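Below sits a lone chain in structure tokens, taken as the form predicted alone.
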């Protein structure tokens, strides 16, 4: 099996497990889901290392959204 297919399979399986687990725990915040999905993406990327033909724009976008979420949470804590 090539690395790209394995990466897609592993990432899909991780997301498919994460959603029901977070739902069972009663998590309803979208930022929690996006943060976990971002971490899963980067862990899968680091472990499997699929071949990329172009720059990984998804990684940049996910990292930017993750930093935005963290920034909002830190600002919320500091301002209250």
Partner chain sequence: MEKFYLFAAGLLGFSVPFAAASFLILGSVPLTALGIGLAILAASMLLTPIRVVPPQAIRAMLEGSISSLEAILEEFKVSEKGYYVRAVDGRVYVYVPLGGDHGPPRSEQAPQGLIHRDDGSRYLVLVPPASELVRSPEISSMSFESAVGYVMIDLTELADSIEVVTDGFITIRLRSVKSHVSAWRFKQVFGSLEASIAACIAANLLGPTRVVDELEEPGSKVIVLEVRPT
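Positions refer to the first chain, counted from 1. Being a predicted model, the structure only gives us computed values, none of them experimental.
Not pictured, yet referred to below: the form predicted together with the partner chain.
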_Check all three, 7, 11 and 30, heavy atom within 4.5 Å of the partner chain in the model of the complex_ = yes
_Partner contact for residue 3 in the model of the complex: the partner chain, 4.5 angstroms, heavy atom_ = yes
_I'd like to know if residue 23 sits close to the partner chain in the model of the complex, meaning any non-hydrogen atom pair within 4.5 angstroms._
yes
*Classify residue 62 as contacting or not contacting the partner chain in the model of the complex by the rule of any non-hydrogen atom within 4.5 angstroms, answering yes or no.*
yes
*May I ask you to state whether residue 43 is within 4.5 Å of the partner chain in the model of the complex, using heavy atom distances?*
no
*Is any part of 41 to 55 within 4.5 angstroms of the partner chain in the model of the complex by a non-hydrogen atom, and which residues would that be?*
41, 51, 52, 53, 54, 55
